[in-house]
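Single chain ahead, written as structure tokens, the form predicted on its own.
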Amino acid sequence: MKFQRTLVLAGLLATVTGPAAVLADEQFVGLPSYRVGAYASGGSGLFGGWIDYMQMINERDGGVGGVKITWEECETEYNNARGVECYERLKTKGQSGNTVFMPVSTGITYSVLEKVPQDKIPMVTIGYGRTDAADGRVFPWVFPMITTYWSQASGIINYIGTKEGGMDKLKGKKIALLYHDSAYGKESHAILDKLAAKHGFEVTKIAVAHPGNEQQSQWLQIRQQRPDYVILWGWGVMNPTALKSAAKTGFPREKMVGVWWSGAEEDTVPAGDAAKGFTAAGFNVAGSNYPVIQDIQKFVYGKNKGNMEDKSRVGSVYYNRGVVHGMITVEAIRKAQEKYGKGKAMNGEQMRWGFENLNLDDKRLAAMGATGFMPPLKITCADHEGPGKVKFQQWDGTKWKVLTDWVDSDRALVRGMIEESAAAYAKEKGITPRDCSKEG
């Protein structure tokens, strides 16, 4: 794939907009994207897939319940301050104002966490952000859905336990966490400490400074400590740099397991042969053989309306992750319309209800052309996460090969930590948690 060309093009597409004018009965979605900067390769793929899905819904279905979707991008460069600026700029756009904010950045998530309840704009953080926001009683406007960082870390440990022949075999093992030194990277610490205490393994946390292209001292430490596994909690250029460094150090890639922000083609292709055998978690999979992707090819690219300049990226991990974002956005609109009426745009409060009542079961996913594409998802008043499941896929040198079905986390441990942390936040902020038994 033409990743270098894509990065150059991403830099030229700093601000891309959908239809310029927002007319009556159109649903506006503000997109705080990042197509320039150190993380442009991930952002350009994800936001491209998200936009293409919404475009497909407009072209194939005429919108949602007769309501066309419109959107506007605001370039954040994956920078917290710029993310806040984009939040403020986008929130008054459209017929009813911005109706969902998905920053695709843990740092930006934290930066606007206390703004969204005041502005009544639901914030959806699919697979990232503040994990304890999964307790919807305390965080009614935040939805870290499908799976959180704590669930993912737990799923990785469960996967390693399976590879070792059972969770009891983890006792005495040494696991190194090579993490991006940011709010995102640090989200993994508390849960791994709990899991280490529970299963008797040792975890060593090794930070890598942004952007991550300098890792000599970190891999010297890994070589000296000789861990049994390395969990790669990386982002952007940090990932191929880690894979190349592992090869130079002689650490087997088969013993490296990545977070979902380390498991895309943009992470493995630049590493060349050094990436072969590397495994990563994901809440979506790669591939263009799914009906949902084929419909995008037919109704969007078939009409020369695609967002991706490099069409070879359609069906890649980041692109398909963007499609998941689009699917969840559209299904929340659809759900909200069931309660508040078809044929009109939903406002932020109505969209919040739509997200909180999502139920994408196997039947609905099949109807969407997405069986196996993402896990079934059910959100409730108290649980804004859902299944907490991931699949593991391995890079064979040219493509990702799925190794597992959906792998569970330690749900009891993770949910207990979520509720404990959320309760502490509620006490600190003077928040009275919602009584979900009274929510309709």
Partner chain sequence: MLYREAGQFKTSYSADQQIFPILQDRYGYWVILAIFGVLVPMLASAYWLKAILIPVLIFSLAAIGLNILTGYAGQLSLGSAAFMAVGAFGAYNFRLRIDGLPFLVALILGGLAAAAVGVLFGLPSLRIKGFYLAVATLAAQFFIVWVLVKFPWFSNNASSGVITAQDVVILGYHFDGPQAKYVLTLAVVAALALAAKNLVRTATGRSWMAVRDMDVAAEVIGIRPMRAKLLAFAVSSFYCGVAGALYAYTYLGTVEPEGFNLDLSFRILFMIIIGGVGSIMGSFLGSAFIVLLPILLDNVVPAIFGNALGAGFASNLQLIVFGGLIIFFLIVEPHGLARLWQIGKEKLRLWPFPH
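Residue numbers count along the first chain shown, from 1. None of the values given here were measured: they were computed from a predicted structure.
A second form of this protein, the form predicted together with the partner chain, is not displayed here; the remarks below concern that form.
Novice: Taking the partner chain as it sits in the predicted bound form, is Gln218 near enough to touch it, meaning that at least one heavy atom pair lies within 4.5 angstroms?
Specialist: No, no contact at 4.5 Å.
Novice: If you check in the predicted bound form, is Lys91 within 4.5 Å of the partner chain, heavy atoms only?
Specialist: Although the partner chain is absent here, Lys91 would touch it in the predicted bound form, with heavy atoms inside 4.5 Å.
Novice: Classify Glu309 as contacting or not contacting the partner chain in the predicted bound form by the rule of any non-hydrogen atom within 4.5 angstroms, answering yes or no.
Specialist: Output for Glu309 is yes: heavy atoms within 4.5 Å of the partner chain.
Novice: Flag Arg35 as yes or no: does it have a non-hydrogen atom within 4.5 angstroms of any non-hydrogen atom of the partner chain in the predicted bound form?
Specialist: Yes.
Novice: Work out which of Asn158, Gln95, Ser182, Gln337 lies within 4.5 Å of the partner chain in the predicted bound form, going by heavy atoms.
Specialist: Exactly one listed residue reaches within 4.5 Å, namely Ser182.
Novice: Could you tell me which one of Asp168, Asp273, Glu114, Asp362 places a heavy atom within 4.5 Å of the partner chain in the predicted bound form?
Specialist: Only one listed residue qualifies here, and that residue is Glu114.
Novice: Each of Glu77, Arg82 and Glu187 having a non-hydrogen atom within 4.5 Å of the partner chain in the predicted bound form: is that the case here?
Specialist: Result yes, every residue of the spot touches the partner chain.
Novice: Which of 102-110, 258-266, 326-334, 160-168 has heavy atoms within 4.5 Å of the partner chain in the predicted bound form?
Specialist: One stretch meets the cut-off, namely 102-110.
Novice: Going by the partner chain in the predicted bound form, which residues of 134-158 come within 4.5 Å of it through any heavy atom?
Specialist: Just Trp150.
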